[in-house]
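The chain below stands alone, shown as structure tokens; this is the form predicted on its own.
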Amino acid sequence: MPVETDVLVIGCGIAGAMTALRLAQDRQREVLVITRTATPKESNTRYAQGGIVGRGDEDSADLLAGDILAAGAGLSLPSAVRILAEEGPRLVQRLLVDKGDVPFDRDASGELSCTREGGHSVPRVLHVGDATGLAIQRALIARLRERPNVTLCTNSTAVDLITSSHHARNPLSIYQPITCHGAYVLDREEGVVLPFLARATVLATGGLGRIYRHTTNPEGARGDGLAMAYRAGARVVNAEYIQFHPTTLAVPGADNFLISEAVRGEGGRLFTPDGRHFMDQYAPHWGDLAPRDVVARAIHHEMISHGYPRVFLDLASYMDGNHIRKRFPTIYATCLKAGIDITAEPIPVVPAAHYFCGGVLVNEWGRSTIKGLYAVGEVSCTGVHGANRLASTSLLEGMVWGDRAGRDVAARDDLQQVAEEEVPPWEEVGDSGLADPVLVYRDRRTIQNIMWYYVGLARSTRRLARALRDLNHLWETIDSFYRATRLSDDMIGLRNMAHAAWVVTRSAWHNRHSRGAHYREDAQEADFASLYDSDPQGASPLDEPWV
């Protein structure tokens, strides 16, 4: 039997939780929040170390907007940036600070402690040590559990969106505008797929960092939401803009643990293995606090040019050891476990895939190009981040557009529940048992290697052409594999990874201009100084669905 609700929210990080909390204010409206993990606290949000943008001293919406636009390399949508700059800090103050749920760090006088990160002109980033996202996630989930009209459903993986054009029993529905009526969802414990029917569906599935070999993202960041929306026919834009975080821990077994940008914000500096400070060479104005794409490419250039396996981030020379342990307790403990005492020695670091700046195109209220389908957080593209995200604006964007999407859904009366008999039950195709985990692992690794070497920090026509050929061939194998085996979370993830990787690569292939996080070695603008002055027409959205 189908599961029916008023609003289905897929994902429960900061964006999904904010959407549900806003909708929960209407006690007559039922909200169902699903997550593929065993606990709703597990999401991209919980791994956000650095912080969330507030309103610093001598700060203003104009100043914040200017910094976002500068980081976005000429591709940020000014109207969306204005919304974020004006509404974001107010929401943070009202919902996270004034309510007292999030224990942000404070100075000796009791005032909120703000730090400055790369690309910011003033200190404005609020933090809870180096585990800000975890603190926010805990507070939001606790509030959701208090709402009687919100149901949290764990161990539930969305398989595909239910749309009128693809799943309606009436064949003439294909001529009507695409409308989303919910999603097919796998109950991971029971192993069955059920239709979850809703008047409005909100994608809040996070990013796609796991399509890369090296990433700061958790296991669930497989591009699930992007792939589902793209298959359904939603417009996807700016998919080539993958932000690589410049500093992740480079020791065996560390799995690219994120070394927060706040470490450089607090005075840390980057050096080559032979002790040469190099960032002033690449970004004379910003130095070590340059936007992430510039820092990541500078490190990459140093590594490639000189054969360095890593570079080093030195904080110990610029901050007292006790202060380091207090300010960065998680980083300190994790590095110490890996054999690095950051109070006494520099941290070995390399870049890694971190944030997806593109996504499902949405308007100022989170509406996608499919009726009844919203997208919020990293899976969406609001236009705020442009070609490169400003540090610590991801949580802020998730809050603002989650709140806005909730308000918009609540105000609409044109979204109707589809009749149960109009949606067919899920048909299990594969009958050969569960997929061989060795084959799943090898296919996943193949995707990650293709993306890392050919569609990574530095791209070229030849590399992208090779990536497209390899991914097209791999897709045939994975699609056959998917259809022959019994459905599982691993197979859903593998299929979505292949699809998301193809979307990113095809978009990168179409865009022959270097801009922000998309760097083409064979583009005329392929130099550091020109990346923020090149022709804004260089961005080529990928519009046609891949089916």
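Counting begins at 1, following the sequence as shown. Treat the numbers as computed from the prediction; the structure is a model and nothing was measured.
One more form of this protein, predicted in complex with a small molecule, exists but is not displayed; see below.
Visitor: With the small molecule left out of view, choose which of S507, T35, N496, Q49 has a non-hydrogen atom within 4.5 angstroms of it in the model of the complex.
Guide: Here the answer is residue option Q49.
Visitor: Could you spot which one of R459, R292, R124, R199 gets a heavy atom to within 4.5 Å of the small molecule in the model of the complex?
Guide: Exactly one listed residue reaches within 4.5 Å, namely R292.
Visitor: Taking 4.5 angstroms as the heavy atom distance cut-off, pick the stretch from 67 to 75, 219 to 227, 165 to 173, 252 to 260 that is near the small molecule in the model of the complex.
Guide: Stretch 252 to 260 is the one.
Visitor: Hey, in the model of the complex, does A232 get a heavy atom within 4.5 angstroms of the small molecule?
Guide: Taking the distances in the model of the complex, the answer for A232 is no, it never comes within 4.5 Å of the small molecule.
Visitor: Indicate whether S392 is a 4.5 Å heavy atom neighbour of the small molecule in the model of the complex.
Guide: S392 belongs to the contact set for the small molecule.
Visitor: For H245, is any heavy atom within 4.5 Å of the small molecule in the model of the complex, or not?
Guide: H245: yes, in contact with the small molecule in the model of the complex.
Visitor: Is H354 near the small molecule? Define near as a heavy atom within 4.5 Å, in the model of the complex.
Guide: Output for H354 is yes: heavy atoms within 4.5 Å of the small molecule.
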